[in-house]
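Quick setup: one chain, the form predicted alone, written in structure tokens, and binding and motion questions come after.
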Amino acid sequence: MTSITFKTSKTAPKSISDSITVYAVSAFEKESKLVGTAAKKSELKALNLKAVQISGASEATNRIPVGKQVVGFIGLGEEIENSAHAREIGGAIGRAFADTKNLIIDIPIKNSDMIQALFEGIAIVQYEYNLYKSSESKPKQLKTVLLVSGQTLSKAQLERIKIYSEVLDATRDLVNAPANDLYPSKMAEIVRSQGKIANVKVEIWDEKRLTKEKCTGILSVGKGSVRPPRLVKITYTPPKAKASLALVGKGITFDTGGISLKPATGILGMKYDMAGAATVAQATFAIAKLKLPVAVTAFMCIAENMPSGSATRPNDVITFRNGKSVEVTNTDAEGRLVMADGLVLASEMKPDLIIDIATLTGAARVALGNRYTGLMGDDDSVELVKKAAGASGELVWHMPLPEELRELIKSDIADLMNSRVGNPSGGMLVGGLFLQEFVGSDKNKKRLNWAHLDFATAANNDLAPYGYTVKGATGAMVRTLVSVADELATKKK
């Protein structure tokens, strides 16, 4: 677990052993220039930035010897524009200079919110999943970060940085774990061990309880595996809750596609298919640790999707707790089946807002590329989540739920099909439309406030690291869900 001490000081220390000082470089009209105190330092004034290939492009990093010291440089673009940009700059610094114990950052920054974001970026990237590597793998060493600034951070701001670092590390540990060591019952027990937090309760529903509660989607997906499914219900009940939030996460610990088996190239990486469940668990724990006045109930819908003699077959029909029947036309569209159970359970609680999150469709990557999360739902809920994502510096894109596509999942023998095989039209949107069918109504028969997040692409970064995003499991959307709780608490004041 990352443990860094963050500090601010009006002046740079004269000498700290095992340290690197990082200065700022800006790019004005394609010309790189030292800015802040770096521009005034005699030993740096004569530096020919172009000759030593130091760039002011945003996130560009360099280090060179200057006198008896090695100093670092970070490109800001023109300047640090906002908290989201500060977080990206922090991530770039944290990745480039993690091999020193003490890091001094001497760059101009406008306010304490941006400082907090900068520190968050540094903390978030101090992560490496090396559980299975030999002892020769060296952990990162960064212990102290000092920013030269006349502003200070509050105790609450420093605590939030620490909590974000903890829950993101825990999320990424779960998502990165191989499926032979992380299966439904194991994942449930790990989360229960992490949930020993004030006002938090963790329940595990085994297959007997799932049968009793008519969670037929989770049971159907999980019955092909020798490792039975689980539902984990996490409740956070603060003393004076101002609002209520329900979270539903997809937890497929490995997805072979079931009887509708995936091709060899498509099956790699399917250990990440439980990222939604990991995300809602750790977001709930973060909300509880921050003592936010919002009651949260999270449902982790966990199963392993395997082909076997006991597995669900294409054309099987299952009937859910809310009475709706579904013809399973594609066992590789299993995520929406387990999520349906969670949405029905969440709806029965009549919360102020339901958010579900899942690595639901490959179509999300086709539509949105490698970094964006697809966001669907009713207008008010979408706007609230967009605002929370903006505050967190995470990328979401509002996608529609076209009523005409609802026809694609009508079944001849049941209420719905889980997939229209052979028709790829709007695959991400069809997934959202299916889930919408399991969102309940309030006493006035109006559908409950609901947002759906499809982060099939953002949950795992299989390309090079960037900003504060590491390679592998990213921990995406944890901070956005915490920001949603912030927004709900503010709205209810």
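Note that residue numbering follows the sequence shown and begins at 1. Note that the structure is predicted; figures quoted are calculated from it, not measured.
One more form of this protein exists, namely the form predicted together with a small molecule; it is left out here, but the text below deals with it.
Checking 270, 349, 408, 163 for any heavy atom within 4.5 Å of the small molecule in the predicted bound form turns up a single hit: 270. Among 87, 230, 172, 336, the residue placing a heavy atom within 4.5 Å of the small molecule in the predicted bound form is 336. Residues of just one listed stretch (319-327, 111-119, 361-369, 388-396) have heavy atoms within 4.5 Å of the small molecule in the predicted bound form: 361-369. Under a 4.5 angstroms non-hydrogen atom cutoff, the small molecule in the predicted bound form lacks residue 451 among its neighbouring residues.
Among heavy atoms of residue 456, some come within 4.5 Å of the small molecule in the predicted bound form. The shortest heavy atom separation between residue 255 and the small molecule in the predicted bound form is within 4.5 Å. Interface residue remark: residue 284 is not counted as part of the site for the small molecule in the predicted bound form, having no heavy atom within 4.5 Å.
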